[in-house]
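In the form predicted alone, a lone chain appears below as structure tokens.
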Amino acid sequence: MNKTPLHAQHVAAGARMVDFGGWEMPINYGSQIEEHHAVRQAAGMFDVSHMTVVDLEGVDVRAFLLKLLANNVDKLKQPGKALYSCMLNEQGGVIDDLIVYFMDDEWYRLVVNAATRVRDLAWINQQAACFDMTVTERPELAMIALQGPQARGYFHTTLGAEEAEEARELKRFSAQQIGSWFVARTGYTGEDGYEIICAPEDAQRLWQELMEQSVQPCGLGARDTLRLEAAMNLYGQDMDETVTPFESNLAWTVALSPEDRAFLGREALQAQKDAGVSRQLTGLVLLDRGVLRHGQIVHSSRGDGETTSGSFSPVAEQSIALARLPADIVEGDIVEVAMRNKRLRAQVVSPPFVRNGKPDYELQQ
């Protein structure tokens, strides 16, 4: 089983380790709820070294990404700017979602999901064959996500004065090479913070310095409830190759303009848009007692659907879920979720569920 460079530090901190896509990763360090609240209220750190970093370099790299991605990298004007996008097959299905960083005219960096690594790299290399560029996986790098309203301040204390000033000036959804570290102001929790890509020995030192500042180490459990509160999709549950971005609350990541940009999956998406999208990914809040989980059938007067992700929200103190439902269901509708031979009531809400550390929806009385 694969182990990250921080594995020994997780074990020393008392983490409960689990198999996650062939990686031995921490699920929690004691209390998942405490880890969750630490990120919402102060700061928490995650080992995300299992994520796949891919560098694309060469004179054709922008042209290649204009074809590969549903979002339009021509939006990236300033070096360091990042873009979230789906990578689609010809049918418009989602092969993966990723972040692309524009570093210079001949260097872009991708960060893609660990579970889809083999398929992603095969697809990227296949599509890149006709372009003058190189595709280089960077498995030697480690990655730490430091997230929360106080996360940036904690990180700055680990840097020298000049480097700390560079980090302070970094804008949201941007990245910069600070010394030997690749520092991005991005994340997967709905909170501000950084994702730091660096050499293993640097990651080990940074993790230890943050531990000494009492920054909470967090596992996969809190990462999942945090991203669900923020309504961030999880690949393999909320989207996959059988659904399009239009059916996954990701229409905002599809750039159909300009009309002459022939990206992979464009024709299928245009046809779906012209015909009318029949399904949507939206939010549910459970009104009765129970816990929403992945794969539960949702019944409504407009047709049936299914939950894709579900859990208890530590901030809202209610059970929440993302669900793929008929497109004509609207916010405020009451649906029924099949659970253990019962039908429990849930209200449709517009995601996200939590914003700025507080619930971001209102329930009917």
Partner chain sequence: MSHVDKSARYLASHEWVRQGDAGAITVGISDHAQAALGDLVFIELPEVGATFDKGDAIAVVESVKAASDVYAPIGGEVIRINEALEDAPQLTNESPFEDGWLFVIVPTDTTEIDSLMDADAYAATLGD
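The structure displayed is predicted, hence computed values, not measured ones. Residue numbers count along the first chain shown, from 1.
The next section is about a form of this same protein that is not shown, the form predicted in complex with its partner chain.
- Partner contacts here mean any heavy atom within 4.5 Å of its partner chain in the predicted complex, and among 300-308, 329-337, 45-53, 22-30 they occur only in 22-30.
- Between its partner chain and the residues 81, 138, 273, 293, the one pair within 4.5 Å by heavy atoms in the predicted complex involves 293.
- Although the partner is absent here, residue 16 lies within 4.5 Å of its partner chain in the predicted complex, judged by heavy atoms.
- The closest non-hydrogen atom of residue 345 lies beyond 4.5 Å of its partner chain in the predicted complex.
- Its partner chain is not shown here, but in the predicted complex it comes within 4.5 Å of a heavy atom of residue 289.
- Applying a 4.5 Å heavy atom cutoff to its partner chain in the predicted complex picks out no residue from 75-106.
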